[in-house]
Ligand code: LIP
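Only one chain is shown below, in structure tokens, and it's the form predicted on its own.
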């Protein structure tokens, strides 16, 4: 890795995530934010608050580190030369934010030379800040967090999510039909960053989902890994759009095999 002070990156990401979370909580209209656009489908919404949050985050990051690269969900794209790339989701769980549900977060991650190095997820409605530094553990505030251990598949509480395109939802429903009878239960929160943090702190035993983009996943993936979780895609591939699975190592294998079989048996979207 390029010699970068990861503590400095963490402090900067935490500051940006806190400022963005405060903005979103304090200025959200009582009647709900206005939808300004849709993306992949009419249910994949963007609000004015998404863009305001991303603008604040980008200004905060570049104000301190003007030579970094930035990729944001709502279009922020800055090419840098420092070896640091920021992955920004200004509101992960926008539909929840739109409806006034608390399962949304500001997610900011930093890669150094292509490797995840820092992750921050601010679940602002709860006042919870999850952070992780590569090889430094995962933390909720001042408390170090860990994935649940020694949970068999049949007793696993598994978080998941669904895409916006109807064809992808149909495929995910078929996969879910195979998974649901084999586990304790399923939870669908609506934010993959929050779900990954739930795995990290033991509020869920595992998480899987197809469809999230790298800005959705990056911070939560590092936090779950630093909490002792294994986070990968199918058959050794990296986590990503095709599928992301997160669980403690001893649960990961059985869940992976169940999902591999279910995905292979489901009609492709």
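Residue numbers count along the first chain shown, from 1. Worth saying up front: this structure is predicted, and the values here are computed from it rather than measured.
Keep in mind that the form predicted together with L-MYO-inositol-1-phosphate (LIP) is missing from the display, and what follows is about it.
- Considering L-MYO-inositol-1-phosphate (LIP) in the model of the complex, the lone stretch of 116-124, 148-156, 133-141, 190-198 in range is 190-198 [heavy atom distance within 4.5 Å].
- L-MYO-inositol-1-phosphate (LIP) is not drawn, but in the model of the complex it has a heavy atom within 4.5 Å of residue 163.
- Looking at residue 216, you'd find a heavy atom of it within 4.5 angstroms of L-MYO-inositol-1-phosphate (LIP) in the model of the complex.
- Among heavy atoms of residue 54, none comes within 4.5 Å of L-MYO-inositol-1-phosphate (LIP) in the model of the complex.
- In the model of the complex, L-MYO-inositol-1-phosphate (LIP) stays beyond 4.5 Å of every heavy atom belonging to residue 109.
- Heavy atoms closer than or equal to 4.5 Å to L-MYO-inositol-1-phosphate (LIP) in the model of the complex belong, across 83-104, to the residues 89, 91, 92, 93, 94, ordered by sequence position.
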